[in-house]
Structures are given as structure tokens and as C-alpha cells.
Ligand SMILES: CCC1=C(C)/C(=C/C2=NC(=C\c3[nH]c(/C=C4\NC(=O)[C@H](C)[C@H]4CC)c(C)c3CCC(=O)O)/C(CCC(=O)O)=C2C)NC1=O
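Next up: a single chain in C-alpha cells, the form predicted alone.
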């Protein structure tokens, strides 16, 4: 798994360049948000089950056809699988938040996910909605905990939704 520092240094090393002002500004931004990243990751770790449960409730409120007969989360098994997947996304987004890099999401979550979901008939649209709900919840909680700038929370969640949204739904 890569992080902001190793990714940046690797990119500059591969092109044989010294770190320039842009690179140093990027590193400074990463380090400035370091404690906030750890604060959010700690909160996620301590509250993952309730975050997923609440996000799932909001998702099913927004897209109720998922839990109606014939919906993709209709049976207990499918409902549990939906929440399991949301937990999986949340966990890997927490890794990406701390790393400041989305490589872990691409390597561990996205590679093969689209094909799997398409083959199982899992609707991508509601998955994207659920990920966005979790992001919004985390941003609100971070603000409530005194994190002044929450934009860094967008990165992993937006990466997932952007990559998943490229699939025809």
C-alpha cells in the first residue's frame, strides 16, 4: 500500500527530478492534516458498526425498493451482504484517509468489483448513494469533533464513487 509520501517520492524518482515547490506544498498539506486524518480514522474505527447501520438505514429510506420483494437487499442474507459491503468500503476508505492516497482502494476494492457486481446483478447506483451517505456522515461528525477543514475526507469516498459510476447502471 502506498501513501502520499511514497507515491510522491516515487513519481519524482522515476522521472529523475528533485522535489519542486508543488511537491513540497503537497507534502506540507498532507502533514498539516495528519492529526485530523488520525482523528477521523479513530472515530471510524470506534464507530464503524453504527456508521454502517445508520448509513444503511438512510440508504434504504432513500431507495426503499432495495428492501421490497424483488429488491437487491430484500432477503435477510442480501440485506446483511449490503451492510457488509458498506463496512468494507468504510474500512478501506479509512486506510486511504490515513495514507492520503487512493491506491489501496484501487488495488483492494475496485479491481474486479465492477465485474463481480455486474455478474451478480448488484445495482451500482445505490452502492454509490450508500458511499456518499457515509462520506456526508463522516464530514458532519468530523466537524462536530472540531475538525475545521474536512475536505480531505472527500478523497477516498469520491474516488470510489467516481470509479464505480463509470459503470453503466
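Residue numbers count along the first chain shown, from 1. Since the model is a prediction, treat every value here as computed from it, not as a measurement.
Below, we turn to the form predicted together with the ligand, even though it does not appear here.
Trainee: Would you confirm whether the three residues 73, 123 and 127 all fall within 4.5 Å of the ligand in the predicted bound form, going by non-hydrogen atoms?
Mentor: All three within 4.5 Å in the predicted bound form.
Trainee: Of 115 to 123, 140 to 148, 33 to 41, 46 to 54, which is the one stretch near the ligand in the predicted bound form, taking non-hydrogen atoms within 4.5 angstroms as near?
Mentor: It is 115 to 123 that comes within 4.5 Å of the partner.
Trainee: Quick check on residue 102: any heavy atom within 4.5 Å of the ligand in the predicted bound form?
Mentor: Although the ligand is absent here, residue 102 would stay clear of it in the predicted bound form, with no heavy atoms inside 4.5 Å.
Trainee: Verify the contact flag for residue 92: yes if a non-hydrogen atom of it lies within 4.5 Å of a non-hydrogen atom of the ligand in the predicted bound form, no if not.
Mentor: Although the ligand is absent here, residue 92 would touch it in the predicted bound form, with heavy atoms inside 4.5 Å.
Trainee: Give a yes/no on whether residue 66 approaches the ligand to within 4.5 Å in the predicted bound form, heavy atoms considered.
Mentor: Yes, residue 66 lies within 4.5 Å of the ligand in the predicted bound form.
Trainee: When the contact criterion is heavy atoms within 4.5 Å, does residue 58 count as touching the ligand in the predicted bound form?
Mentor: Judged by the heavy-atom cut-off of 4.5 Å, residue 58 is well away from the ligand in the predicted bound form.
Trainee: Which of the residues spanning 146 to 165 lie within 4.5 Å of the ligand in the predicted bound form, based on heavy atoms?
Mentor: Stretch hits: zero.
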